[in-house]
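Shown below, as structure tokens, is a lone chain in the form predicted on its own; questions about how it binds or moves come after it.
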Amino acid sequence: MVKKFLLPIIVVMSWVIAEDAYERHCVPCHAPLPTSLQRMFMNYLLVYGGEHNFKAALKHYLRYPSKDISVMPDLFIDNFGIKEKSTLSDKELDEAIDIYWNKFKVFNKLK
């Protein structure tokens, strides 16, 4: 009897633990939006250029969201609003941003 309950719990826990900060905290909230995380990445890359500026700007926005510093078009913000201030720790936020950067960066991928 105990095995019937213990096995599913172990499977679910291993799945939750295996997900990274990006998959846990970013993807679920952005999934219903009409603009992909990849497109948002490109918007940030166009505005902020390199890795250091990109990551610093994104972290600042996630900590202090504002229409004035958003890279999204006004129409998008009018329809979907500004995100809530992030409650992630600095470690989780840095991890998620690093994974996001590595997932969509175009440098060294173009031939």
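Computed from a prediction, not measured in an experiment: that's the story for all the values here. When you see a residue number, it is the position in the sequence shown, counting from 1.
Although not depicted, the form predicted together with a small molecule is the subject of the following passage.
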How about A56: is it within 4.5 Å of the small molecule in the predicted bound form, going by heavy atoms?
no
Can you tell me if G49 lies within 4.5 angstroms of the small molecule in the predicted bound form, counting non-hydrogen atoms only?
no
Can you check whether K83 is within 4.5 Å of the small molecule in the predicted bound form, heavy atom basis?
yes
Contact of H30 with the small molecule in the predicted bound form (heavy atom, 4.5 Å)
yes
